[in-house]
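As a starting point, one isolated chain is supplied in structure tokens, in the form predicted alone.
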């Protein structure tokens, strides 16, 4: 022994158990990307923006001028994401979730926002009146939440809000606690324990 202390790595990173993939989804403007960044920072998982991957890999078939949006080449995008997510340990954010294979994710967090907050955020982004109203209606009708509940096991789907700094920090800590619990138990089913995601409705 040379008297030096052994190097201690983050237990979240050194665990032999394959780390889970987490999907952060929700209506545009609810705070998905910011939430994903906070969670990645708290856990050491890698943040993956599906929108950025689509742009970088040019996963588009054209442009819908009327709706002011790109037409996604889903097959090409999924091929790239399959490689990125293969080893686990990713926090993925995207405004939809039904196109992804169920096997990819161990936790689905649906970010919600009040109408007032969402209206202000979408207006600040310069959304057209039509595009803003469509997204507000989508949130009111909880389209993304219903989509998640239909596409994944209900026990791994949870609603969260990310309207304040406290919300962001609390959500990140809850995911970190959930991740540690799963690693300590060494059982994949522990990833599906919902004790950390009981919402204050």
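Positions refer to the first chain, counted from 1. Predicted model, so just to flag it, every value in this text is computed and none were measured.
The same protein has a further form, the form predicted in complex with a small molecule, not shown here; the description that follows concerns it.
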| item | value |
| --- | --- |
| Residue contact check: residue 168 to the small molecule in the predicted complex, 4.5 Å heavy atom | yes |
| 4.5 Å heavy atom contact, residue 151 to the small molecule in the predicted complex | no |
| The small molecule contact at residue 70 in the predicted complex, heavy atom, 4.5 Å | no |
| Heavy atom of residue 130 within 4.5 Å of the small molecule in the predicted complex | no |
| Segment that reaches the small molecule in the predicted complex - one of 172-180, 134-142, 58-66, 30-38, heavy atoms within 4.5 Å | 30-38 |
